[in-house]
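Starting off, we have a lone chain in the form predicted alone, written out as structure tokens.
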């Protein structure tokens, strides 16, 4: 029996729909990231799982038991909120030790758990400090350690790494996932950081306007998006609007109003259908059109080059299409300059094709 089932949950706040038929099945021991833009319903979803918010309709099941009307304490779930909720009068050690003491666990094993948690969050040296003496990022790490030490089978994490600096955030991603797996926890981790979700999750649930629009492994969500919104939200994509002129088992060809044709993977669309083609910026390449180089999909002029450390992003203006971007290794930084004419290409199986959304492409791509 799956660990957690959200069955057609609906919730409104003052006429604003926060959950709209939200359904999700999370297996025992899975680490699931709920990924979406601000206001998509991520935190509401989390609060319904732990019992802090009661849905207007639908059910929450844990281990096959309907817990929709059960109290927070009866769900064996711990939620780490964005407010941290540390006890200001207790030092760091006693904040983390709080749950083991309340549950009257053996003293020796409790101490070992607390030491392990403080080591994971790199705050062993601050054990005697009070929360008010710590930075916001340090307080967040203590709240995370306390949640992990709670003994709950289900851990609910609402943006648990958001206040941390970049290097520490990357380190804690690995350690948090490893610790959760070692402890056999089922985790739901809310985030708007796509890199965080791709690195940490067994599965990603992309949420928008209170609905789960795709649920799958990180690779499935990244490489085989369900909608144009997912394609552009989980890894930035080039987006091209046109009409299908060819659709065969070998691939799909989309033609723009300017007459340019772009290749993509096979789709269910038929010739004449309005379509949206998306291809990840990281799968988009450029060339100088020299002999022996791959044939270009289109030709454009480099507008600017953005240095990003190990990579560079090249923005290319293509007449009749707009601005396309390609991500290249940083060793290519010196090879191109603004004003250069380049060919743009990609492997057809890296491009997805979708029917034109009923609301149009601009509304589809909005983040609110």
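Positions refer to the first chain, counted from 1. All of these numbers come straight from a predicted model, not from anything done at the bench.
The form predicted together with a small molecule exists for this protein as well; it is not shown, and the discussion that follows is about that form.
Asker: State the residue from 322, 51, 39, 29 whose non-hydrogen atoms include one within 4.5 Å of the small molecule in the predicted complex.
Answerer: For this set of options, the contacting one is 39.
Asker: Is residue 347 near the small molecule? Define near as a heavy atom within 4.5 Å, in the predicted complex.
Answerer: Residue 347: no contact with the small molecule in the predicted complex.
Asker: Decide whether residue 18 counts as a contact residue for the small molecule in the predicted complex under a heavy atom distance cut-off of 4.5 Å.
Answerer: Output for residue 18 is yes: heavy atoms within 4.5 Å of the small molecule.
Asker: Would you classify residue 115 as touching the small molecule in the predicted complex, given a 4.5 Å non-hydrogen atom cut-off?
Answerer: Answer no; every heavy atom of residue 115 is more than 4.5 Å from the small molecule in the predicted complex.
Asker: So, residue 169 and the small molecule: in the predicted complex, are they within 4.5 Å at any heavy atom pair?
Answerer: Although the small molecule is absent here, residue 169 would stay clear of it in the predicted complex, with no heavy atoms inside 4.5 Å.
Asker: Of 43 to 51, 337 to 345, 58 to 66, 298 to 306, which is the one stretch near the small molecule in the predicted complex, taking non-hydrogen atoms within 4.5 angstroms as near?
Answerer: Residues of 43 to 51 come within 4.5 Å of the partner.
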